[in-house]
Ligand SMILES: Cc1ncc(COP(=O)(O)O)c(C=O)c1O
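Shown below, as structure tokens, is a lone chain in the form predicted on its own; questions about how it binds or moves come after it.
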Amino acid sequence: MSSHQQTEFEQQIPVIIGGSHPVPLLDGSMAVGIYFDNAASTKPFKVVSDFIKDIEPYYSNIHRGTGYDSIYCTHMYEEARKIILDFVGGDPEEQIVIPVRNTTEGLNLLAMTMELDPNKDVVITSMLEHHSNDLPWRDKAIVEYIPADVEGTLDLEHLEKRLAHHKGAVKVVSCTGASNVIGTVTPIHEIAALAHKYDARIVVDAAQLLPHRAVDMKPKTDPGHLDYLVFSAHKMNSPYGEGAVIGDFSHFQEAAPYLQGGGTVYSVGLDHVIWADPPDKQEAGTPNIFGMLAQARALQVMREFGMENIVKHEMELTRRFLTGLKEIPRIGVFGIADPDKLDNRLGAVTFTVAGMHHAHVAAILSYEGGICVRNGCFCAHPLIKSLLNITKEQEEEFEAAIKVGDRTGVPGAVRASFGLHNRAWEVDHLLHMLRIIADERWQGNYIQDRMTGEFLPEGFNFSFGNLPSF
């Protein structure tokens, strides 16, 4: 079998558009591009893209239109809502799906509709959080953080002590289902049970978790049930963006509209408004209709393929990568580095190369290996600063430089994140390129851009002349 031949199992994986296509390299050759940036966004399922193309001729705005196309799109939109709720075990009698642009908007929606008192109410989140599950809460309540160890294990004893200490003032525990930086899967149902014990609600940022693990919100009779779940379909092989917030109908009924405008009302006078019932009350304006339909179809594809098969495939890739990294000098892995401890670890692997700037490593992988990774702080600055042991003095130094337009000293790491379309040979190629970097055998002369912090190979620029353009 050649290195690029697919195994029987890989042949069963749904076709993903753009999983491999030619990209130019620094030496003038072309290579099969390797996409390891799935934690940021994923390539779309072909069947989902085809599904939307089939619907395109019937596109129309939804709700209140009386034409055939509008009624069809309205029907499909509401069916999509049911599919999304069912995928996470939601209760159609009590919970509803509110479509949003992405997880960030969903978490902002919740923070804006919780009616928190910033002077006395407390929100507890964790050190593992993406900024989207940290910043929206900061001006709405007193925010505290659950500590985590170097492998990303959250200190639940600390959580319970803080819940008990505040004596009912904690209104929300908002935590990630899995870290976008180190891939640690958190015990969301155990956290939920603790929150409920002290009369707090739980919000789960499932942006990283849901594409890689089955999630069940559980019935309200279960102490570990999830009150709110937020996620993004663009991380689940769905084109056209879109995400969702899932929570109790009663919450969205009582809350003020997140946005105000068309579609959110039953009647408006010059001196009064009668707001519509949810979900309309929280869905101002024309929604991303195709995004909603694509989201539901992508979830169907994932269920048809089997979440257990997704887990198996990504664990194999992660194990292969972590095993290979142990043999390369200068590589430091954040989070769980043991290839045999993957039950609570996703295939988002963040690492550093000792003595090298993270942007330099990422540039060599791209320009000389045709490999797309992500580098920086991954919208989780407090976590990365902690992992890198950045001192307060160092933080003040590079932040002062940022303010005068110099980003060359911004700390960070490199992240390779695996998706359903990735193959074993791609992992092997990444390991090969990291050996070249560790041995300092790269070809180009890379110059760092002061304003962006990026490294660019001297005398070379990507050409997009053969790609579609405006």
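From a predicted model like this one, the values you see are computed outputs, not experimental measurements. Heads up: residue numbers just count along the shown sequence, starting at 1.
Unshown form predicted together with the named molecule; subsequent notes refer to it.
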Query - Contact residue in the predicted bound form, chosen from 81, 201, 189, 130 - any heavy atom within 4.5 Å of the named molecule - result: 130
Report summary line: None of 126, 208, 237, 282 but one has a heavy atom within 4.5 Å of the named molecule in the predicted bound form; the exception is 208
Report task. Would you check, heavy atoms only and a 4.5 Å threshold, whether residue 95 touches the named molecule in the predicted bound form? Result -> no
Report task. Look up in the predicted bound form whether residue 174 has a non-hydrogen atom within 4.5 angstroms of the named molecule, and give yes or no. Result -> no
Query - Contact flag, residue 348 vs the named molecule in the predicted bound form, heavy atom cut 4.5 Å - result: no
Report task. Decide whether residue 178 counts as a contact residue for the named molecule in the predicted bound form under a heavy atom distance cut-off of 4.5 Å. Result -> yes
Query raised in the report: With the partner removed from view, which of 256-264, 138-146, 102-110, 318-326 is the stretch that lies within 4.5 Å of the named molecule in the predicted bound form, judged by heavy atom distances?
Result: 102-110
Query raised in the report: Since the partner is left out here, which residues of 13-49 would have a heavy atom within 4.5 Å of the named molecule in the predicted bound form?
Result: 39
